[in-house]
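In the block that follows, a single chain appears as structure tokens, in the form predicted alone.
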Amino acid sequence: MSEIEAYAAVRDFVETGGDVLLVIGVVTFWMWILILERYWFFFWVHPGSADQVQLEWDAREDHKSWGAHKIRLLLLTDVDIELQRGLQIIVSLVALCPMLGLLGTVTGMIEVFDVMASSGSGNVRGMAGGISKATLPTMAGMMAALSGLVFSVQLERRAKKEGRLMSDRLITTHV
């Protein structure tokens, strides 16, 4: 398949499914950019910053006092904020995709009803166009949500695990 044929296939798909498919495409693109950024963070950025936090903690002489425990808590909170950054947006975008698909279903059904109101039920071709606009966004929204759901759950688990590991690395001595 050449690039022109691929472009034409995508264009035909979007024309058949309606404008809601474009919105689903933009939301899905944004969701995947955020997912890839989180993977980049967990594999390349977090290990270095976790080592830096541990060095900062180990450089302290006091690990017993109330102040030391508060500083440890502050360090862990800063790490947790970085681990959780963007995850709620990803979860929200995953939840938004099926809703956009439902919006496409409603607009497609409205188009079917408009065709039926103006020309009766005899215009099968007009109704088929509306039914396509009703079903394709639903399918696209569900597929986008399913693809993001798997990775968002995995990213949330990874963030919790890295937070626990960081907590174990900052050793305290109790008073």
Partner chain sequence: MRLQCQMLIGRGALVALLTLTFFVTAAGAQEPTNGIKVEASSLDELLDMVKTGFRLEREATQKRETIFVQAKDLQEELLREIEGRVATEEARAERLETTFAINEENLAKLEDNLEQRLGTMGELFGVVRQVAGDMQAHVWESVTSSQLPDREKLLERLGRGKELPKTDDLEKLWFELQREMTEQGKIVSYTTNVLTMDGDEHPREVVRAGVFSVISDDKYLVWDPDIQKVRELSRQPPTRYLQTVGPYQDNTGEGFTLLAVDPSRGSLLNALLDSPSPTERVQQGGYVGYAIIVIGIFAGVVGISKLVTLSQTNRKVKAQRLRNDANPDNPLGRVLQVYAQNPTLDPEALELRLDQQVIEEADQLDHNMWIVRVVSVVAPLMGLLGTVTGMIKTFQAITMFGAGDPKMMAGGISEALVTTMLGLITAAPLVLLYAFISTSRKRILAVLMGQSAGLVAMRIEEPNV
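None of these values were measured; they are calculated from a predicted model. Residue numbers count along the first chain shown, from 1.
As for the form predicted together with its partner chain, it is not shown, yet the points below apply to it.
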remark   = For its partner chain in the predicted complex, the stretch among 61-69, 41-49, 129-137, 142-150 with residues bearing a heavy atom within 4.5 Å is 61-69
request  = Would you check, heavy atoms only and a 4.5 Å threshold, whether Trp30 touches its partner chain in the predicted complex?
outcome  = yes
query = Is there a non-hydrogen atom of Asp19 within 4.5 angstroms of a non-hydrogen atom of its partner chain in the predicted complex?
reply = no
query = Does the 4.5 Å heavy atom contact test between Thr107 and its partner chain in the predicted complex come out positive?
reply = yes
ask   = With the partner left out of view, is Val26 within 4.5 angstroms of its partner chain in the predicted complex by any non-hydrogen atom?
value = no
message = Could you pull out the residues of 85-109 that have any heavy atom within 4.5 Å of its partner chain in the predicted complex?
response = Arg85, Gln88, Ile89, Ser92, Leu93, Leu96, Met99, Leu100, Leu102, Leu103, Val106, Thr107, Met109
